[in-house]
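In structure tokens, the next block holds one chain alone, the form predicted alone.
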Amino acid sequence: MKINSPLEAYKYLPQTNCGECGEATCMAFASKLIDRSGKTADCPPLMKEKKFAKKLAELDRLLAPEIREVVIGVGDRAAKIGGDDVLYRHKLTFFDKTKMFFDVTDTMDEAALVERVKKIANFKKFYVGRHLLLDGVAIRSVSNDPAKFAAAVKKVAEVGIPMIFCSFNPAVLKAGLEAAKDKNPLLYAANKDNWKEVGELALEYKVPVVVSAINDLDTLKTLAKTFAEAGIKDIVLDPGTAPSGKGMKESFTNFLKIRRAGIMGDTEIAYPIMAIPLTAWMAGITDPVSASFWETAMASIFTIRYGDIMILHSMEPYATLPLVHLAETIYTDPRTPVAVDSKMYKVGNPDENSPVLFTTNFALTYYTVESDLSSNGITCWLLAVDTDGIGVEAAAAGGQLSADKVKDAFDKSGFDIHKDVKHNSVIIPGLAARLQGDLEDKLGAKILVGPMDSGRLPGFMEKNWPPKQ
């Protein structure tokens, strides 16, 4: 992206503050363009009026990410990779989270193949308000038989998640493409020996493709440039992923060189990068736990440093859980705390006699409190107050959590403390005890100061609920 501030984007907008985009001002819309929560197509005047045509074209060019964004698969689970503009996320953020594909082979028993694919597709881990998923299946042609590979592809395609076709044999890749013409798989891979045939497949079927040159960045760049000049735009780079020792260091260095060059404007190599931690299983390690450990360690390294997509093997929880959590952390915008919607939530099935509590809308705080309540069978009303995603103690100290903010949150939620419950009482976090007097005045309700830690709510409720009138 050649521009990185709302003010720069604003110069290319109509500057009429018409509000057709849904924002009050063009400057507010410019901010959405910069953080990618909006796009130029959301501005009707910019799209429809001919006098803005040149500005639109230039703005689209300037907003395009330095690293090309590539889409694998179709539908809701399509995987976007690349799309970055910075080397370090604190400067802006990383946008498209590292995608993790797990392998199957075309020599697997059909039942085992289907079972593993469903396990990949159905993986789900709840984490601070969202579900962490695995992203797709890498189908490896161990048989080198086009017919066997096509049969495996058909079975995997039935599940409906993105796929990578893994073979250096163009005939095998073509058989897979014929079996899944409309699934937009990623082809792995074109190298110096098969580049012409694989390139023709990518053009014919209009699918993304990996170019591979192990520890040879000059050849890698040449292949990428050749494919781009031939009209293939959706390219992924494979510089090699060595599993240990000096080889791993060299792989790490190659990733850094490629990404740095792409961010700095070398468009010939500004593409997403593939890491293959699966190679840990090919390094002569016989113990599966040790192989899983090294695979996870490698995947962690390349998640942190520019691996946009990975092929992995181990499905053990001790391998997958650290990786999905790490990717979620690295690709969370460091400028914006993770927050839940500010509204009144139900824990269980509360009624007019149920207690009313509030906390902040910082996701980690909210889900900690909600979990402590629900796991102990405490049915209640729980209000999340908008504190810009800041926790209770810091928000109370900094003014983001105040009596006025709590009153405003109650008003916006539509919950009337005087009508919707009989007890006219609110339990507040112990860390916000200083607000007790002001809240009694603002809400006209009885304020009970709860414990400092929500884990102590069960004991507190036993002693203090229902409140004494």
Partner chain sequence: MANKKKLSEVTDMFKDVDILSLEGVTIEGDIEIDLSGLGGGFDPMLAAILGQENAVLAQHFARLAGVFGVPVGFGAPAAGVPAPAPAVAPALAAPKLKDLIPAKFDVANIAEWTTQIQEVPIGNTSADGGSRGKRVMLGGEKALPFFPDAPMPNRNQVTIDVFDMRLGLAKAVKENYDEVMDNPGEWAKKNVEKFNADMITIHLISTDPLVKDTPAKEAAKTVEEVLQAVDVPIAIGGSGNPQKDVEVLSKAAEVAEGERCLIASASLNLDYAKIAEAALKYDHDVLSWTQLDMNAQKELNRKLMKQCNVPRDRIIMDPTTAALGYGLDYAYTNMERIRLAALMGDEELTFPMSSGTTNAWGARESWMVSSPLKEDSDWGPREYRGPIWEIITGLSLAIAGNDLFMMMHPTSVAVLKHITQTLFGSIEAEPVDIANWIGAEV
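Numbering follows the first chain given and starts at 1. Small disclaimer: the values here were computed from a predicted structure and weren't measured. Throughout, rigid core stands for the largest set of C-alpha atoms superposing within 1.5 Å between the two forms.
One more form of this protein exists, namely the form predicted in complex with its partner chain; it is left out here, but the text below deals with it.
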| item | value |
| --- | --- |
| Selected contact from 81, 384, 166, 356, since only one has a non-hydrogen atom within 4.5 angstroms of its partner chain in the predicted complex | 166 |
| 77, 233, 346, 154 - the one with a heavy atom within 4.5 Å of its partner chain in the predicted complex | 346 |
| Non-hydrogen atom contact residue 72 with its partner chain in the predicted complex at 4.5 angstroms | no |
| Non-hydrogen atom contact residue 199 with its partner chain in the predicted complex at 4.5 angstroms | yes |
| is_contact(residue 258, its partner chain) in the predicted complex, heavy atom dist at most 4.5 Å | yes |
| Residue 206, heavy atom within 4.5 angstroms of its partner chain in the predicted complex | no |
| Heavy atom distance at most 4.5 Å to its partner chain in the predicted complex, all of 25, 159 and 441 | no |
| Neighbours of its partner chain in the predicted complex among 214 to 234 [non-hydrogen atom within 4.5 angstroms] | 214, 217, 218, 221, 222, 223, 225, 226, 227, 229, 230 |
| Rigid core superposition, residue 362 Cα moves 2 angstroms or more between this form and the one not shown | yes |
| Per-residue C-alpha change between this form and the one not shown, residue 400, threshold 2 Å, rigid core fit | yes |
| CA of residue 453, rigid core aligned, shift of 2 Å or more between this form and the one not shown | yes |
| In the predicted complex, whether the C-alpha atoms of residue 322 and residue 372 sit closer or farther than here (change of 3 Å or more) | closer |
| Comparison of CA distance in the predicted complex with shown form for residue 77, residue 361, at least 3 Å | farther |
